[in-house]
Structures are given as structure tokens and as C-alpha cells.
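The chain below stands alone, shown as C-alpha cells; this is the form predicted alone.
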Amino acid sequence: MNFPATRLRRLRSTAAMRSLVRETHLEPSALIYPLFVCEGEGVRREISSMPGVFNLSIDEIVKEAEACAALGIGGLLLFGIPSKKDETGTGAYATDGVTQRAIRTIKASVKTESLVTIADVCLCEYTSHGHCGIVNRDGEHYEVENDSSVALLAKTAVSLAEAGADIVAPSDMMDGRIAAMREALDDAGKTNTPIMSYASKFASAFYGPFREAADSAPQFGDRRTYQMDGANLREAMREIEQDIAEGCDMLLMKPAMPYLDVIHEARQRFDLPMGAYQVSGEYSMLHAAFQRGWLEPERAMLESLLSIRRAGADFIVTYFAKDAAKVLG
């Protein structure tokens, strides 16, 4: 049937009608809030390139966790900022590391089963050189070693799981890390700890503000030898297939908005629970437009999140989580 018998505007006539026929929905429980935990007490240091985002000491992290639980947000994603760094990222897998202590404190202080605690697994925040693994350097030439890095990443995953993390989320992009983590977790008695793999993490310009937040910028070179080339969709599917074969339980796509086609393609091919990370650059870019009055903040925020859900993400890691949850109720 064609116009005038078919009038698609009939289903757009009122807010109630639009809500009734809406195909894609946003809910606070599908949002995950990233948090940057640092040493100290009473620390709430705003990140200059990310308005409203802070480096937080553990006591302040607990306050954020309580606020997120009250808003019905689905989870927290924790990144650690240690007071000391070294060549091998010792703080990432230390029993008393800042992230490990934060997880234990959250679990002891925030009495809720609705808030999932996710721990990022990487070495870049903890290494003095800022790379995501062990570096072999000879003058100007350097290599981020794969297999020795994987061993430390697996050790980190176990340490975080033993601290109480509900999910461990490797973001390093080393080959074989999922299999190594699954074996290490199982050997440590953590057979029920899921692995959420950043399965197709692209070498993106949109990570810039994060590197200020986490103090994790590489001191030399870049990460293009291990993070993915943004031009490669088919390779992204291969990365995902490999991580699934190695035993990951969930997928996380990163970044989100510049890679909606990758999210959509992954959703068509794979049945695992899948999220997407609306990364720091996406957040800061929108905030820059808000500050200049170029975009309506609430509408643009929700529209950006809806686009990610519509592409196929089951959940979204976003710095807008609290603001969006307040609007969504």
C-alpha cells in the first residue's frame, strides 16, 4: 500500500504514540560508567579535556558507586592510576594495587547486587613507557613483545578477579591473551569469572583525552603494531572469532560512533553479549559543542547513545552514564 492509504506519520502523532512503536530503547541498566581510581584520600581532580570526569581516590570512588547504584546504572569499569610505574607494570597485578583495593572497598561498602564491577586488564597505565606490554628496545627501534606481555596480563586478570571483580576486561590487543587468561583464571579457581574482551580495539585518534585521564600516553612510538587499523572491517571479525574460540564470554567494541558499521557487522555474525565503548574523544567532542551552544546537550547525548544501541550494542560504556540515567529515570 502506498500514499495516501499508507501514511507513516500516523505513528508519530504524539509522544505516547512514538513511545509505543519505538524500536530501540535506552535504559540505565544498559549503561556502564568508567572510573579512574588514584591514590590518596579525598581526591577529586577534574580532567581538563573531559568536563565532569575526575581522577578519584578510593573513598570518592565509593561515593560514585553508590550514586550509580541509586540511578540504576548497570556497572562500573575501573581504570587504575598508580603512584609509581615501572618497565613491567608491576602495579597492574599487585595484590595491593590501587584497582584491587578499590574493588575490595566497593564490594565491602556498596551493598547492591545490581551494579557489576568490571576491571580493565591492561598494562599501559602502569608501565613507565606507557605501552600495553613488555617493551624490548634497542635505540630507536622497539618492539612490544607479545608472549611475555600475555603472561603478565593473565597474572593481572587473576589478581583483579581475586580482589572481587565481577568481570575482567582485557584491552591490550595482544594475540592469545584470552586463552591465557581463561587458563590462569580457571587454575586460580575463578572459573565463574567472565572475560569481556575488547575484541576489536582500533588504533584511534579518539583516545586522546583518556590518555590524560589515565596518564597512559606512550613515551615513544605508538600502538599501531597491536591495536587495529581503522580501515579493516574483515580483520575485526577475525579478531572477534579468535577471542570467542579462545573462551571470551562477552565482547566490547571500541570506539563506538566512528565504528558503528563494525558494531553492526559483529551483531549480525555473533551471538555473545556485546557492548560498545563511547570513548573519551567522543564524549569530549560533544561537550565542546555543548559549551559553545552548538548542540542541545540532552538530546545530542541521548541520540549518540541511541545510535550505538541501534547498531547492535547490548550495553554501552559511556562517561554520560550518570547524566543519561538521570534523564531516562
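As the structure is a computational prediction, the values presented were derived from the model and not from experiment. All residue numbers are counted from 1 along the displayed sequence.
The protein also exists as the form predicted together with a small molecule; that form is not presented, and the subsequent description refers to it.
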| query | finding |
| --- | --- |
| Contact of R223 with the small molecule in the predicted complex (heavy atom, 4.5 Å) | yes |
| Contact of V37 with the small molecule in the predicted complex (heavy atom, 4.5 Å) | no |
| Non-hydrogen atom contact C132 with the small molecule in the predicted complex at 4.5 angstroms | yes |
| is_contact(C124, the small molecule) in the predicted complex, heavy atom dist at most 4.5 Å | yes |
| Candidate stretches 230-238, 194-202, 86-94, 102-110 - the one whose heavy atoms come within 4.5 Å of the small molecule in the predicted complex | 194-202 |
| Contact residue in the predicted complex, from V279, V262, L31, A65 (heavy atom within 4.5 Å of the small molecule) | V279 |
